[in-house]
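Quick heads-up: it's one chain on its own, the form predicted on its own, in structure tokens.
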């Protein structure tokens, strides 16, 4: 079991490592996902909010229409009741009132019967009417149930109508009548006198009438309409009472602040869309209560569809991204592998990537770079081989048989003359000369070794030529610790001796200068010899600069050897340059870089 867990962890770790966020493939995957999902999510959120706002607006508009219809139905019905109230002005009713006031009971009998028949007939026609009654200011009353006497001031509508200066309609909220039946009443003053005495005509209406005008209303599955006045529930269907929050709605301050409008109220963690309107006739507020969840059920369904659509899009994007990133990054992985092989000194590698995009261009540039490296490596090998050959020839030129023979002959002559100290000095100089020439096989030596080498050579030659010339070193101490190609000064000094001074009638002078200039080491070998003509001097400089080829490879071999070895080791901008005047002398300038310090 433990092994399975470890294998699972290793698999997840490997998968996470494979999709490292630092890889281009992972970055491309994230970019594709972002490009694909962000517009969809933004569009979805905006659409959801717009649809939700529009839905709320439509629900509110629908609720307002419903409430308006309830209000119209209620007003129409009350208008019908007002028409019934106009009975108080007809002939029979007026005669009944006069005879009733006169106390003529016998004479009033037929009018009483006619009124009663009229009331009963209206009740039969309008089944919602529970009772129609007239009560005079003296307490004499006639209703659908007969004639009786009572105190008009105990009539609930009296207290409201007596305060009215006009004959307007008063409405009493639902209550229990004398028959213990729940009704709401509408009344109007009759025969109001200047003293304020008045009768009342009242009509009791079955409260189920309110249920009927509300029964056709559809506000969702559980939505309902209720009536409110002065913060109290006038009428509410039974279903709303079960919720137990009618009073919570009617006591909301928003209802008392305006006659109509809508708002969203949260009751028991459920949002309700409350729409209300104040009836002009009754003064009641007609309130529509709609559960928001029922009205937004459609958008919940759309949200579910949108969620699964997003999930499907994510899967499609992941599959496409995996394929596209593989296609796009596979050449890059191949190129990376090839570059890694090249970094391990496999210079024969070649990037076989034939796309025309940036990766193909990069592979082409890589192949060009590898070709240049191979060409450069071949050139380095050729240069190294050429340097070795030229170094060997320089050594051969240096150890000329007649130089060795003449030097040894001079040493023998000194020994025969018992000039042992001079012989020892010559032998010592000859030893230093050959030891520096070999230099343990090194091509590049310190400048102080090159100066010691040329100093030994000049000492030997000065003795061989019987001190026909002097020599002078003017070397700046700063350059001794820099390095140079070995054996570059000896051929130049040798030329000064053999081609400049040997045939002079006067004593010659060879000066070797060494100094730093413009981050270069400069050597100047000057003599006061015969000098060379201007034309030959220019030819020498053209040959040294590579602007002219020599016809015979033995021509100027020594100085060409020095010049070539300097250029091969340090670059074409370095080498020799001649200055000379006939009968004045020759100066050759050598410039090399500052290296090795």
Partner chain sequence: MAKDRFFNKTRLVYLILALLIALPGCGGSTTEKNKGTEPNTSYEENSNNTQKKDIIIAMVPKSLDNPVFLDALEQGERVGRELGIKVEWLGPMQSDTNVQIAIVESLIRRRVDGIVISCIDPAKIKPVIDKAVKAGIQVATFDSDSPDSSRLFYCGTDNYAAGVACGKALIKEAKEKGMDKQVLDVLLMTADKESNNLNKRLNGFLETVRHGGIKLNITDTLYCNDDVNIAGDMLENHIRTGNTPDVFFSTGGWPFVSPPESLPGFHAWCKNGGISILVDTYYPVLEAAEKGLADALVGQNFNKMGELSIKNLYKAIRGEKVPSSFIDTGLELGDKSNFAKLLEGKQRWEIK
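Numbering follows the first chain given and starts at 1. Source: prediction; values computed, not measured.
Missing here is the form predicted in complex with its partner chain; even so, the following discussion is about that form.
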Candidate from 380, 163, 312, 178 lying within 4.5 Å of its partner chain in the model of the complex - any heavy atom: 178
Sole residue of 85, 460, 521, 207 within 4.5 Å of its partner chain in the model of the complex, by heavy atom: 207
Is residue 236 close enough to touch its partner chain in the model of the complex, meaning at least one heavy atom pair within 4.5 Å? yes
Is residue 364 close to its partner chain in the model of the complex, meaning a heavy atom pair under 4.5 Å apart or at it? no
Is there a heavy atom of residue 133 no more than 4.5 Å from a heavy atom of its partner chain in the model of the complex? yes
So, residue 192 and its partner chain: in the model of the complex, are they within 4.5 Å at any heavy atom pair? no
103, 114 and 156: each with a heavy atom within 4.5 Å of its partner chain in the model of the complex? yes
Look at the stretches 72 to 80, 403 to 411, 167 to 175, 257 to 265 and give the one with heavy atoms within 4.5 Å of its partner chain in the model of the complex. 167 to 175
So which bits of 50 to 85 sit within 4.5 Å of its partner chain in the model of the complex, heavy atoms only? none
